[in-house]
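Next up: a single chain in structure tokens, the form predicted alone.
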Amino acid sequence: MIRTTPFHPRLSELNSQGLYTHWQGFLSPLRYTTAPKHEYFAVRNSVGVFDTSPLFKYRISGPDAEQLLAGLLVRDIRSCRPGRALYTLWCDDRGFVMEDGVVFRHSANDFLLTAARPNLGWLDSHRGRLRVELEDVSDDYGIVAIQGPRSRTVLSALSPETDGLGYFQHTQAKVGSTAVTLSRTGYTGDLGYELTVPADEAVAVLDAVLEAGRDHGIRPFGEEALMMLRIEAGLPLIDVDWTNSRTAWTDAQRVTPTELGMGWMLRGIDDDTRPFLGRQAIRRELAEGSSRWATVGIVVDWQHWDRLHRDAGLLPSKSEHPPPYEQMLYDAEGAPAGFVTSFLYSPVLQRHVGLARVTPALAETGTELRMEVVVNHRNTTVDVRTAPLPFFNPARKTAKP
């Protein structure tokens, strides 16, 4: 059965295209207008709204809730104070990444974990004798993301708590008469917030947001614009940039936190008081230097790109639509060097950029490689160089309010 989100009644009225994909059984708009680039620029220049309600939402509570999460999540939840949130991974016992999500700490013993795929059974399988209550509250709430440089201005008109909210903090607030959770989080790499709203009040809250943003050019954006935004921000996506270890067929499809470019999450991994799942395998990887890959950005040599196309009688392609396949990378001698998992032409950067995994020896910024492309139905390669991630990282994203 195809389902719709709590915000769908209003957002469907704003969708002139009627183009949807499926996100865990929910209709999710690809775009609202003829050009996703317009929606993209709304976020980068002003403010946009995205319906992220299909995320699974799990309430984890009880005296041992922290202990359970500390034993499963890669990041140390014990360092997260009430009113803060953490972006984190979780792994299998071999240290391969399963999924990612955001955990919100509401109190000493009360947490909310979001995830793109179902995880309730997995969480329950590790509960054991711990005094923990696990509840799937996915249908109880909608989540709407308000993203872009004017997002604070829009939300401040509705909830004064917005002005004092730091990066990855959350608080209880009201939009009109509706109690919501307001968090400074998002998936666009820009200044942004998310509202977690009771499902039966979702349309009223969205209407208030749209009205507050009307003079700021607010508009909804779909998944096509979101892909552009998150690639510029260097944010990986499950089923695109990595495969859940539980559903992967081979180890070649699996990746560790270090290989995914998330090694920064491993701070404190030597603390024996927090033996999270996969910790020993990850420690061996770090000690032995056995990582197969390093995640980097790649930037295309625009002059070579143009010459390849013009010599073939074509206008140089500058598409903001990421191709749905990997592209191979080669070193100077033509040996395989890695692969690009996400790639597009960035409208803001005006360059072709991508997320890639390369052998660790080639990960240094500025390393020259060649990427496989197809021009006039023939395989060829274009010059690229490695670059640090993220590509787009404005100071406003994390700046103090």
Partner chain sequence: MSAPQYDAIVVGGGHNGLTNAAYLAKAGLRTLVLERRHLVGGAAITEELLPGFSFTTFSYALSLLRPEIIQELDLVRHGFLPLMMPSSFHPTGDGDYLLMGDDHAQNVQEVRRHSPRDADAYDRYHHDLDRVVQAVRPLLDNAPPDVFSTDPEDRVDVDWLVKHLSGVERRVMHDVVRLLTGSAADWLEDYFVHEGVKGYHASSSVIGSKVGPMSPGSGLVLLFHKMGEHDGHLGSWAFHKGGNGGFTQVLARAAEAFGAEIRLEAPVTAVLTEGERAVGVALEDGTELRAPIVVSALDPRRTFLELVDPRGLPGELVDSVERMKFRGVSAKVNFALDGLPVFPALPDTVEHYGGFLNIGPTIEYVERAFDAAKYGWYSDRPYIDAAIQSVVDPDMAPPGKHVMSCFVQYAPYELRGSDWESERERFGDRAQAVLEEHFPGFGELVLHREVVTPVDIEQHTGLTEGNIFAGEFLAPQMYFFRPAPGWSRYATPIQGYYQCGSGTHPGGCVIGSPGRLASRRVLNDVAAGRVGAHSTGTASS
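This structure is a prediction, so every number in the text was calculated from the model and none was measured. Positions refer to the first chain, counted from 1.
Keep in mind that the form predicted together with its partner chain is not shown, yet the notes after this line are about it.
Of the options Leu130, Leu314, Met328, Val137, which one has a non-hydrogen atom that comes within 4.5 Å of its partner chain in the model of the complex?
Going through each option in turn, the one that passes is Leu314.
Under a 4.5 angstroms heavy atom criterion, identify the one residue in Arg279, Arg150, Arg117, Arg84 near its partner chain in the model of the complex.
If I apply the 4.5 Å criterion carefully, the residue I get is Arg150.
For this chain shown on its own, do Phe41, Trp302 and Leu349 all sit within 4.5 Å of its partner chain in the model of the complex, going by heavy atoms?
Contact check passed for all of Phe41, Trp302 and Leu349.
Can you tell me if Arg357 lies within 4.5 angstroms of its partner chain in the model of the complex, counting non-hydrogen atoms only?
Output for Arg357 is no: heavy atoms all beyond 4.5 Å of its partner chain.
Is there a non-hydrogen atom of Gln17 within 4.5 angstroms of a non-hydrogen atom of its partner chain in the model of the complex?
Yes - in the model of the complex, heavy atoms of Gln17 and its partner chain come within 4.5 Å of each other.
I'd like to know if Ala361 sits close to its partner chain in the model of the complex, meaning any non-hydrogen atom pair within 4.5 angstroms.
Ala361: no contact with its partner chain in the model of the complex.
Would you please decide whether Ser46 lies within 4.5 angstroms of its partner chain in the model of the complex, comparing each non-hydrogen atom pair?
Judged by the heavy-atom cut-off of 4.5 Å, Ser46 is in contact with its partner chain in the model of the complex.
What stretch, of 372-380, 60-68, 26-34, 330-338, brings heavy atoms to within 4.5 Å of its partner chain in the model of the complex?
Single hit among the candidates: 26-34.
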